[in-house]
Ligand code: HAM
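First comes one chain, alone, set out as structure tokens in the form predicted on its own.
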Amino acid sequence: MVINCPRGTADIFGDDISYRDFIIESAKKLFKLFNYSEIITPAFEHTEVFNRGIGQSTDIVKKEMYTFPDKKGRSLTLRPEGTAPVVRAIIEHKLYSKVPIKLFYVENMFRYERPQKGRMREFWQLGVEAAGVNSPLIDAEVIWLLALIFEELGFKNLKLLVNSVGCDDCRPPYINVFKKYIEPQVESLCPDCRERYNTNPLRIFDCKVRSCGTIIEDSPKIYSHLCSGCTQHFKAVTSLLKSLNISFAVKEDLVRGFDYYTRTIFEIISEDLESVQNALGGGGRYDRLIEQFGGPPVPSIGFAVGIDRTIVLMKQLNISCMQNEQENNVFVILLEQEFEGYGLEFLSYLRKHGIRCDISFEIKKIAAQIKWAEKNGFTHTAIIGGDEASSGIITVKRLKDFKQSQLNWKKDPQEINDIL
């Protein structure tokens, strides 16, 4: 019986590795420019971390977490998102003693949901968390960083959506207004939204059921019910985005999937894609979360990017991931088994010069090996036989036009730089 990987998980190899590395390396370069340092949290946490952080009324906590008891009966959960574990780490290690804190992560997450293209039960995210700054300036910088990541990856026609979900002062009165508006039609909502009506009404805005969207289409929006402090903060954020020449649209019904968000929230989508799977990344402020975890009041903001979704969209849009690949590389062809030692010496020479290379581990016809080298992305071949081993001169052939060069690699070690 063949054993396959569990449903909703995948083996990552081939082109997907190239895409994944390209995305992560591109993001890490930007994180360094913006002065972020890396944090790695455990793959599982005490369940309370997510119950308290994400919110009991969210779909993630209610339906999607992988929760299990350990051998002593303690409840543990595979992390479904990155912010709550980072907040736990900030408090545990008292990282808040020196603010601002700028952290980034690249980690796998786990959610029990229906697998589909770009959405798996085990998935990879990269994200940032910036803590200790209340100023709208950090909001603008974090949003700027998110937009730059996708520009660096080669995405065009991006649309940045921003909104404010208010604070503990203005959100409760708005929720009362919103609930009063939809109360006459509560029974027409989908089962999930009927429950959200009592537990977390704002989540109704994120429902994908068409009938629910129709019911709330003309409802009051929180954007029009912000207190003066939230209004001023959001105006400052949008003004700073304009200073950076970042195009954006205020989407008054934009919400995010976690209870911890306050004030600024944002999302970036690709306008080249019409499906609901066009969201590339998003995030927002969470000014009360560290305090709710038992730490001091530390205003914070962050975002997350789904690496798997980004790979899917890059492929759909034919965006290349080869920009940072080694341009020239060599496949070494052996004519006889007796030259294997000499071939390894030559591989060592190439690799010391930073040149990606490989060797034919089996003796086959030259034509077949050249064809294999072309198919697997090699730009040059080097053939080693008796003449090459005795003279020390190797013929290097460029595959795109079959131009040949003689390399006296032992006598002139630097000559390879002129040939490739």
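In case it trips you up, residue 1 is the first one in the sequence shown, and so on. None of the values given here were measured: they were computed from a predicted structure.
Below: the form predicted in complex with the ligand, not depicted.
Visitor: Here the chain is shown alone; which of Phe205, Phe178, Phe346, Tyr105 has a heavy atom within 4.5 Å of the ligand in the predicted complex?
Guide: Flagged contact: Tyr105.
Visitor: Just one of Leu153, Ile143, Val305, Val162 has a heavy atom within 4.5 angstroms of the ligand in the predicted complex, so which one?
Guide: Checked against the cut-off, the match is Val305.
Visitor: Want to guess which of 243-251, 77-85, 131-139, 190-198 is within 4.5 Å of the ligand in the predicted complex, heavy atoms only?
Guide: Stretch with heavy atoms near the partner: 77-85.
Visitor: May I ask whether Arg111, Gln125 and Leu280 each come within 4.5 Å of the ligand in the predicted complex, counting any non-hydrogen atom?
Guide: All three within 4.5 Å in the predicted complex.
Visitor: Would Arg263 count as touching the ligand in the predicted complex under a 4.5 Å heavy atom rule?
Guide: So Arg263 does not count as contacting the ligand.
Visitor: Though only this chain appears here, would Arg309 touch the ligand in the predicted complex if you measure heavy atom gaps against 4.5 Å?
Guide: It does: once the ligand is placed as it appears in the predicted complex, Arg309 has a heavy atom within 4.5 Å of it.
Visitor: Does any heavy atom of His225 come within 4.5 Å of a heavy atom of the ligand in the predicted complex?
Guide: So His225 does not count as contacting the ligand.
Visitor: Since only the chain is shown here, I'm wondering whether Arg288 would be in contact with the ligand in the predicted complex (any heavy atom pair within 4.5 Å).
Guide: Contact with the ligand, no.
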